[in-house]
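Okay, here we've got a single chain as structure tokens, the form predicted alone, with questions on binding and movement later.
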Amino acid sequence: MDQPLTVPPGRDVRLADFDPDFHEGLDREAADKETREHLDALDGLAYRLFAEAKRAVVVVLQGIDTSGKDGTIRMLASGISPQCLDVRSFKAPSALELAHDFLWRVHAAIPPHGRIGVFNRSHYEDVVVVRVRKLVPKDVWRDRYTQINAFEKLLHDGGLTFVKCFLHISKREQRQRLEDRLKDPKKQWKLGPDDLEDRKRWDDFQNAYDDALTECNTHHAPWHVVPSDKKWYRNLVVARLVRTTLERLDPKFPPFDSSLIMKLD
């Protein structure tokens, strides 16, 4: 049995249609082995992208609290050289950021040509969190779908490829992960009052993500719903997606100037 990662643009995306515990029938050992193979390939592909320096890639990681954004970043960073990788985390906006349009801080974080950026949360906070917590009026966040699509098209036309991943976990799995954080001194710092309050708004967040994934699922920047109840399967899927993206881009080393051979002393 298979489960798609994407829904064709123009169709409704409903998270309830995706099983967050789906794992292809794989076990962890087989998944970890394949993930490592993808990461080994990614190292060379990322280096070629860096050398070519004509295009860039951004991996957008969205999901509710505990969905595994940090763990996914650690996985990617274990296979891609730091010289080729930029990681940005989008928390509550600062006073300076609030003094600009909501996309200003995101545009400033876009990696230069030749690099892979990984976003821990993103501009999608501005159509999900602000909606659920009622931080801005409905007419404001509704208009942002169109603005996001135009923004992503602008960046795509300029040589940026988006890999947008929604890390999909179940409510049951989130509860277990929150309990684990409460017990682990190394993870307790991640918990705040908003995290527990947001859990009470589970359905509201699911509805907000349904709409965001539907409205901003485009041919130039499609969404991928990544089953994430099993962390090792989540890692495998994201590694596959990033590798496939870079293989499709097929970056090339710049041509060699053979005249340099004659100039070598």
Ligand code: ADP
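Residue indices: 1-based, along the sequence shown. These numbers were taken from a predicted model, which means no experiment stands behind them.
Not pictured, yet referred to below: the form predicted together with this ligand.
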Which of 109 to 117, 86 to 94, 154 to 162, 169 to 177 has heavy atoms within 4.5 Å of this ligand in the predicted complex?
86 to 94
Joint contact, 19, 31 and 240 to this ligand in the predicted complex, by non-hydrogen atom at 4.5 Å
no
Is there a heavy atom of residue 121 no more than 4.5 Å from a heavy atom of this ligand in the predicted complex?
yes
Does at least one non-hydrogen atom of residue 229 fall within 4.5 angstroms of this ligand in the predicted complex?
no
Is the gap between residue 129 and this ligand in the predicted complex 4.5 Å or less for some heavy atom pair?
yes
Could you confirm whether residue 65 comes within 4.5 Å of this ligand in the predicted complex, counting heavy atoms only?
yes
Residue among 74, 142, 187, 105 with a heavy atom within 4.5 Å of this ligand in the predicted complex:
105
